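Shown here is one chain on its own, the form predicted alone, set out as structure tokens.
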């Protein structure tokens, strides 16, 4: 058997704008999904359509055990991490010889199949490669990593990424002269944030602006507003929605000694909070039990 793990991801800047070719900045984070694959002639069907599609794509059969540290449907790339870890474990167990770039490409194809063509390549790329990734159009490249003190607050309100993307598209079609400039501004914030990664206070201010712009395009939610406000009141340099919005998670940039205070504030505001930081490893092999 083979066990591999893959990280989740957050968007520091640029969610939704990347759909229209604007820059975005995504980061792999510490919570991981662990997947063990074992050869098996007659395995039971997996409970995940992503896992089933992994085996169909690779043309192999095996049993799977999944252990996840991440909430699902929360904007943290859990389905991408499951897909990437499953492909990597199967690649190892069956000696298929796939390289990382191939794993990322196949994982994206699987997500597109399961999500009926609406999946972005960003989640699977970041989960496979790890680190900090700048997205511009179809280009994705790792940039110099930075160790940010981050607290994630889960609203515990599930959402549909594809539906939120549709809502923004509909709003853009109705009001192109309003929504398109906002998306341009989100893209500009991404590039400004890239230049300010070593200035936490300024980076936090830019995150606050990005959050307001996401609200302006219609992907806000009262639970996100409550958690973002609680984080800022507890001393966060900045806080924003991460991912599609409409629920899911937010992120807060914390001073070095402020993570416990911000975590407590998010929990008190009805969220479920945890501390995280960058994961530079990407998908990796774990020691088999």
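Keep in mind it's a predicted model, so treat the numbers as computed, not measured. Numbering follows the first chain given and starts at 1.
The form predicted together with a small molecule exists for this protein as well; it is not shown, and the discussion that follows is about that form.
- Comparing 238-246, 32-40, 253-261, 56-64 against the small molecule in the predicted bound form, the single stretch with non-hydrogen atoms within 4.5 angstroms of it is 238-246.
- A residue is said to contact a partner when one of its heavy atoms sits within 4.5 Å of a partner heavy atom; residue 281 fails this definition for the small molecule in the predicted bound form, lying far away.
- The shortest heavy atom separation between residue 273 and the small molecule in the predicted bound form exceeds 4.5 Å.
- Residue 157 falls outside the set of residues with a heavy atom inside 4.5 Å of the small molecule in the predicted bound form.
- Proximity of residue 19 to the small molecule in the predicted bound form: non-hydrogen atoms within 4.5 Å are present.
- Among 136, 165, 133, 114, the residue placing a heavy atom within 4.5 Å of the small molecule in the predicted bound form is 165.
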